[in-house]
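Given next, in structure tokens, is a single chain: the form predicted on its own.
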Amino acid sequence: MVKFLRMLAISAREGTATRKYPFESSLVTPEFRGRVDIDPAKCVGCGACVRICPPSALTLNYESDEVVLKYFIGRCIFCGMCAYVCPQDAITITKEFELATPELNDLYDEVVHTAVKCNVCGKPFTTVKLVKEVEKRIDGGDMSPLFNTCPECRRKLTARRVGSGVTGVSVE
């Protein structure tokens, strides 16, 4: 009984500790992480966010002439790892957390990029924006023809060049 009276005295002195949500705004701290927002103008489709995402809320799909970065809010755990690793600062963490919707499609965000097809095999393997970003960051020199070659074909071409250099016999 004494404990109850002590609690009652503390409650009377401190007042109400909870908020009448949703009638009052919720208490969101500065460190709070909500859904992520992807800026399509900054995103180059490198896929760093996809590789780091623990629940696989971000996926990168290659479809004929397009590379689609999909963000499924329903799987996101709001860890912010994608924003941390994004080299273009294209991903920002918002404070949005009231994300309920009756439509499942409302939980998807997409960024569509134009695909680059391999100049050897024709398979789409990266985005045009990523190739341009790489060309901008490094001086291509004699490497620039390889920018439009998929990793598998690039490996074969390099092996042929190395092989012809060692044996002196051209295989082209």
Partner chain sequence: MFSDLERLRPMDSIARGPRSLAILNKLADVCGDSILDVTRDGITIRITLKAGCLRKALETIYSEHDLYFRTLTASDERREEGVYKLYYVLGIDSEGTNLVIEVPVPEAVEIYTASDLFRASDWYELEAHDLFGIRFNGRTLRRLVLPEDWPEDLHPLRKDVSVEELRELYQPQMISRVVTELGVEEVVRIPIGPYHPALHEPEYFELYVRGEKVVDARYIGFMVHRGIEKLAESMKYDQVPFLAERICGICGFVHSTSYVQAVEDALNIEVPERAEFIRSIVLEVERLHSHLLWLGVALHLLGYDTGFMHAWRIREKIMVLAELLTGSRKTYGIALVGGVKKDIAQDTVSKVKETLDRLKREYREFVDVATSVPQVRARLTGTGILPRGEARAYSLVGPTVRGSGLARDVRKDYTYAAYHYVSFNVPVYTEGDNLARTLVRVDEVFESISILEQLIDMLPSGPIMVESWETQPMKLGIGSVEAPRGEVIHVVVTGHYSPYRWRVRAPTYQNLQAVPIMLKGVDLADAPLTIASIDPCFSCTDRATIINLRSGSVKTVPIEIISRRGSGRG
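For clarity, a rigid core is taken as the largest C-alpha set superposing within 1.5 Å between two forms. All figures in this text were calculated on a predicted structure; none of them were measured in a lab. Positions refer to the first chain, counted from 1.
Only in words, not in the display: the form predicted in complex with its partner chain, which the text now covers.
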- Query: Picking from 127 to 135, 66 to 74, 47 to 55, 111 to 119, which part of the chain touches its partner chain in the predicted bound form when contact means heavy atoms within 4.5 Å?
  - Reply: 47 to 55
- Item | Candidate spot Glu14, Gly80 and Tyr84, all three touching its partner chain in the predicted bound form (heavy atom, 4.5 Å) | yes
- Heavy atom of Phe32 within 4.5 Å of its partner chain in the predicted bound form: yes
- Message: Using a 4.5 angstroms cut-off on non-hydrogen atoms, would Ile10 count as touching its partner chain in the predicted bound form?
- Response: yes
- Message: Against its partner chain in the predicted bound form, would Leu146 count as a contact residue? Criterion: heavy atoms within 4.5 Å.
- Response: no
- Can a Cα shift of no less than 2 Å be assigned to Thr18 between the shown form and the other one, given superposition on the rigid core? yes
